[in-house]
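As a starting point, one isolated chain is supplied in structure tokens, in the form predicted on its own.
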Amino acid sequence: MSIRFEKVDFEYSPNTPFAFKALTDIDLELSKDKMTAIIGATGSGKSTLVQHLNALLLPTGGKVIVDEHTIEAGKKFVKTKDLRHKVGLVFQFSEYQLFEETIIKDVSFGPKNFGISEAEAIEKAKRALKTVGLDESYYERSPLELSGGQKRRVAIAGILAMGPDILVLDEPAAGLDPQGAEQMMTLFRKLNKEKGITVLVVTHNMEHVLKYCDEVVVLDHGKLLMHTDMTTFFENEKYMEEANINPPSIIRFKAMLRQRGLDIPSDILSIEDLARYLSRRKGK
């Protein structure tokens, strides 16, 4: 599987007084079967970037390649339906898109749009709901009766029911309480590791990036600042300074200990691991 951006530019409202260039000369290849964070300040182009992956936005320069699909500036793209079957995009506050009278109807709506029978669509919906932790007691309930976190799960199930190879999530934990946010991120990690779905997460939460993601893509004012693995990113203070990122608490604590002369290994990325390491040192 290939996911590539080649010299991609994107401009909102071109040839108008409101023209705004949101992406500039993006060269990027995303790894298969990884969970990758897309980070950067507000307005850096994160949402604009990922909306190119299922042709919701079309590049005004360069091209985007997703497997056999090539979306090229100035050329009509006609395989939108096929591409959106491959790439599932979950918007921020995606629960606002729920519209059917029952949950099972809402989740089966997408698969039916791809031409399968209603019975098969419902089976796919049931499997997707089970994946996100909602059992048969939810099938006939109205989406409007659910909590915010449950609505988010239903919206994600609606995407999973279509069987995407790539799952793109735009601030999936926004508006959720800490427990709900952790449950969501754990679910996405499980989908990545157990089902082999490539997961791309747009997020501002560096604790989530550290705990759940394999790689990090950083955007700054519409340009690609860096693409690296998670450990390298958080071990390099210069990277975080360039990205204007406030490091997670464990990274700040490790930096403080190193300033005091302690040699802390780079692969220690949790408070629990750090406590065990310091306990072993003390025992020597």
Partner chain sequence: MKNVTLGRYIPLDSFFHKLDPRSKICAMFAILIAIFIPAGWIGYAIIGTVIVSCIFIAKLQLDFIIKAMKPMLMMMIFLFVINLLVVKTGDLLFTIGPLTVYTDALTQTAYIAVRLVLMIMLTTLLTATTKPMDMTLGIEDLLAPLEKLKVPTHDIAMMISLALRFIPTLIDEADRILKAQSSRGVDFENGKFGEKITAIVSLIVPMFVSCFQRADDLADAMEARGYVVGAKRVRYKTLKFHGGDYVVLIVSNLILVGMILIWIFVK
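The model shown is predicted, which means the values in this text are computed figures rather than measured ones. Positions refer to the first chain, counted from 1.
Missing here is the form predicted together with its partner chain; even so, the following discussion is about that form.
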(message) Does its partner chain, in the predicted bound form, lie within 4.5 angstroms of each residue among M206, V209 and F234, using heavy atoms as the measure?
(response) no
(message) Quick check on this chain: which one of L191, M162, I122, V132 has a heavy atom within 4.5 Å of its partner chain in the predicted bound form?
(response) M162
(request) Within 4.5 Å of its partner chain in the predicted bound form, counting heavy atoms only, one of 191 to 199, 112 to 120, 134 to 142, 210 to 218 shows up; tell me which. (result) 112 to 120
(request) Considering only heavy atoms, tell me if K79 and its partner chain come within 4.5 Å of each other in the predicted bound form. (result) no
(message) Contact with its partner chain in the predicted bound form for K126, defined as at least one heavy atom pair within 4.5 Å: yes or no?
(response) no
(request) Would you please decide whether N54 lies within 4.5 angstroms of its partner chain in the predicted bound form, comparing each non-hydrogen atom pair? (result) yes
(request) Decide whether Q92 counts as a contact residue for its partner chain in the predicted bound form under a heavy atom distance cut-off of 4.5 Å. (result) yes
(request) Go through 96 to 120 residue by residue and record those having a heavy atom within 4.5 Å of its partner chain in the predicted bound form; state none if no residue qualifies. (result) Y96, Q97, L98, F99, D106, F109, G110, N113, F114
